[in-house]
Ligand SMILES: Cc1cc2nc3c(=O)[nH]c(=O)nc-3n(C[C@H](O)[C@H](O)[C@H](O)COP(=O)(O)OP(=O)(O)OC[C@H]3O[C@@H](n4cnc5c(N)ncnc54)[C@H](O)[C@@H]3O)c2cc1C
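A single chain, nothing else alongside it, follows as structure tokens in the form predicted on its own.
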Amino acid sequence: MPANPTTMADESLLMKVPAWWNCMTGFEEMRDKARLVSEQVLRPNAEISDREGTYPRASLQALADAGFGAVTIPKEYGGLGAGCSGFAILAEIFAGYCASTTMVWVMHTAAVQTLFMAGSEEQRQRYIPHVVRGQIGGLAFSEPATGGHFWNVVSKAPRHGDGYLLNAHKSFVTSAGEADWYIVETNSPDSPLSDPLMFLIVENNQEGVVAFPFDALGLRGNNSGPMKFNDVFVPEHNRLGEEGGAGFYNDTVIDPFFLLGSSACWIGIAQGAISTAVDNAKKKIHADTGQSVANYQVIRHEMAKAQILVDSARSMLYRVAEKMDEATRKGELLSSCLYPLWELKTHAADIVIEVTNKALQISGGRGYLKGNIERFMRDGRAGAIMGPTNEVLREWIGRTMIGVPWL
């Protein structure tokens, strides 16, 4: 009978994967803390959120309690000050346990960073301390009229007294009805600027704020349902930045942080899926041969193909995150990183589909049953259609390659 490689005991013959290959140097302690809270809280709650479509509030609070509520915000404001690199590492780790929690957290982090960058000192002091303790922020951008082109909206908020009267129909809002506050993208018909886009902070409990149910194939716990803002009065002190000109923050904060965080999420899902499939293959023993599924060469080759895809995307993730941090240190705008972020998101959202499919194939019939593998597959499928879609990003990449304006 051939030897079963999964039972070999001589560790001197085993190849050791370098620690730096799976985590950027200097973030090991943070990674270990993130894995601990993920094992203790995110993993046991993931199946419940998926099955019942319930918002992962307990998991989000656990992340805040662990110090991850304001991960990119400077320490002097109570944040972790971990930068884009820390954000990317954490998002990947969390996604390997619960993708719904992760996407809520990614959108929350992008909202908090936008508030910090576009907001006044008074707004920072008013919101960030609560965020550190567990309040959740959201982004209400996409509208039915413009679909995945979330940077173009048709809603308006004209001046009204000492504020604005907001009427907007939003199509997909992560944490709809669950976030404590939202940054709503709309247009100012009164703006003197060429860009009428304007950001308004709206509290979840304000009169006229309505959220609708979310029932989807995957990411079933993140409540990414429609919202309507019906004659919502927003005081002027809840306007972020100027009356118009918010497109600047789309390019320099919203897009960079969303693309980085969501890419890390797809990579984490892919790693979670293949790791689960490998573990199952090592444990499953065929009674007729006495061999594990992992002992078949064809299975090991599929494992290797999947891991190479994950590692290629992770390498892109780390390089882009490090360059974003470098740009920040130099005082450069993060819009300078958009092109590699487009490539990163496209690649990550493509490989998660391929890797989760391989994970299911490796797992056989058991992978097709309700459980971790099929959940990873459903959750990961959202990446390619989440705006900017992979088709839009490939068009922008292609236009850039031939030297014409990308938008």
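Nothing here was measured: the structure is a model prediction, and the numbers come from that model. Note that residue numbering begins at 1 and tracks the sequence as displayed.
Keep in mind that the form predicted together with this ligand is missing from the display, and what follows is about it.
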Stretch in contact, per heavy atom within 4.5 angstroms of this ligand in the model of the complex, of 293-301, 124-132, 234-242, 165-173: 165-173
From 149, 228, 323, 159: within 4.5 Å of this ligand in the model of the complex by heavy atoms is 149
Here the chain is shown alone; which of 257, 214, 249, 181 has a heavy atom within 4.5 Å of this ligand in the model of the complex? 214
Applying a 4.5 Å heavy atom distance criterion, does residue 22 contact this ligand in the model of the complex? no
Does residue 14 reach this ligand in the model of the complex if we count a contact as any heavy atom within 4.5 Å? no
Proximity of residue 110 to this ligand in the model of the complex, heavy atoms at 4.5 Å: no
Contact label in the model of the complex: residue 139 to this ligand, heavy atom within 4.5 Å: yes
